[in-house]
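Just one chain is shown here, as structure tokens, and it is the form predicted alone.
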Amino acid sequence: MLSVAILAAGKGTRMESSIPKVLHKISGKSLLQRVIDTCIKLNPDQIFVITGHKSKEVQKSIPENKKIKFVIQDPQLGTGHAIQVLCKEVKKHDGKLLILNGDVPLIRPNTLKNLLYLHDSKNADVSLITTKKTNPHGYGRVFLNGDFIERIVEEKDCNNLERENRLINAGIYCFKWGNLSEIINSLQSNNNQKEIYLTDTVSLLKNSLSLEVEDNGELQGINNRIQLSECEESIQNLIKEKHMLNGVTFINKASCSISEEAEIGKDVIIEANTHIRGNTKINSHCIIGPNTFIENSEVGLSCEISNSTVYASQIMDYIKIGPYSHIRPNSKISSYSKIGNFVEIKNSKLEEESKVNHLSYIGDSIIGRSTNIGAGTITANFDGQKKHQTKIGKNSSIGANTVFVAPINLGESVTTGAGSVITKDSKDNSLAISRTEQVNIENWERKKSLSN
């Protein structure tokens, strides 16, 4: 039986934030959620998240999962105290207990699997991950006797000679839970920090083993915003390298960010300052950017999107969008269409070969095939209480500065006069126009300004 305990009770004071440390995000996902997702890949029988500071916020952040249980550590008196609380809350201490911190978001499933394999193959009481650091300042030092760990000394408790040891404790442990439970309550806070250290269990157990791994960044803990940024950069580099090896070109890689869930086809060019978030799929031969944001959307073949924003929408094939367009959620732009300068589309469907080229708002609308929307067109969809729909049939020509007061239903091949306010439905092959008669007053004198 495999149980997992994730330590997530600390305040994270060095983050200088009102948000619990483990809820800070990298690449759109919280530190804690990243650790949980990694642990789930090990198929554990149960996962315990030990919370303390703002425990309700931490619990609310995690999607419901039958395997995940929360344990509150209050007050927070150290890592050893956290496991004392866990052992008291949980009556059965069967099998293995894997313990790791909620602020080590880059740890890989394979590294944890290697730790579990070492633990089982050597029948260890405790196995832990160690690594050598060029500058080990701030980390507990691990002292070996042959293949076994003799003791671990925390940084603040090290003397000058002990500080020269470069082998450090990464804070990831695998215990025989039964053996751990027998000695966990004997731990004391006889140290400079007056905390109960989990590391003190090593000297109390007979068979303590070290799994030394290369320090490749996956063991990096997050204690401040600098380290948060470093982890973000590490993840982004891995994501973008994967896409580049699969045929994607980044014009300025450092200025872009890509979510881990995003799919990008071959021969896509990502221009500078482009950000692709969430479950976005971009098909082959597209040019995306510069200065473009796309989230939870699908972009079809051979599209060009420049200086624009797309949220939760479907963009079909051979479409040009931008510059300075805003595609809001639940929109579908069909193939060979064009969305131009300063156009906003919201909750609307545009059929094939539609054009909305300039300065328009299309909301809650259905625009027929090969219809051209003139500059400055607005669908006035809100009556103060409800949203209403505008329908415009195919092959229609909408004059500049037309306002549709929804609900409106126009037939096919309808033309509207420029500057019209359309309040009534119109049949196929008709002209809809609404204007007051122009009046010219001759010899008109403007009133002089009272101020000089």
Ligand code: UD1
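The shown structure was predicted, so the numbers you read here are calculated from the model rather than taken from an experiment. Residue positions are given as counts along the sequence shown, with the first one as 1.
Below, we refer to the form predicted together with the ligand, which is not included among the displayed structures.
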Practice problem: Answer yes if any heavy atom of Gly78 is within 4.5 Å of a heavy atom of the ligand in the predicted complex; otherwise answer no. | Solution: yes
Exercise. Flag Asn101 as yes or no: does it have a non-hydrogen atom within 4.5 angstroms of any non-hydrogen atom of the ligand in the predicted complex?
Key: yes
Quiz item: Heavy atom to heavy atom, is Gly322 within 4.5 Å of the ligand in the predicted complex?
Solution: no
Quiz item: Quick one: does Gly171 come within 4.5 Å of the ligand in the predicted complex, counting heavy atoms only?
Solution: yes
Quiz item: When the ligand is placed as it is in the predicted complex, which of 304 to 312, 333 to 341, 194 to 202, 264 to 272 ends up with heavy atoms within 4.5 Å of it?
Solution: 194 to 202
Quiz item: Of Ile327, Cys231, Leu180, Ala82, which residue is found within 4.5 angstroms of the ligand in the predicted complex when only non-hydrogen atoms are counted?
Solution: Ala82
Exercise. For the stretch 132 to 147, return the residues whose heavy atoms include at least one within 4.5 Å of the ligand in the predicted complex, in the order they occur.
Key: Tyr139, Gly140
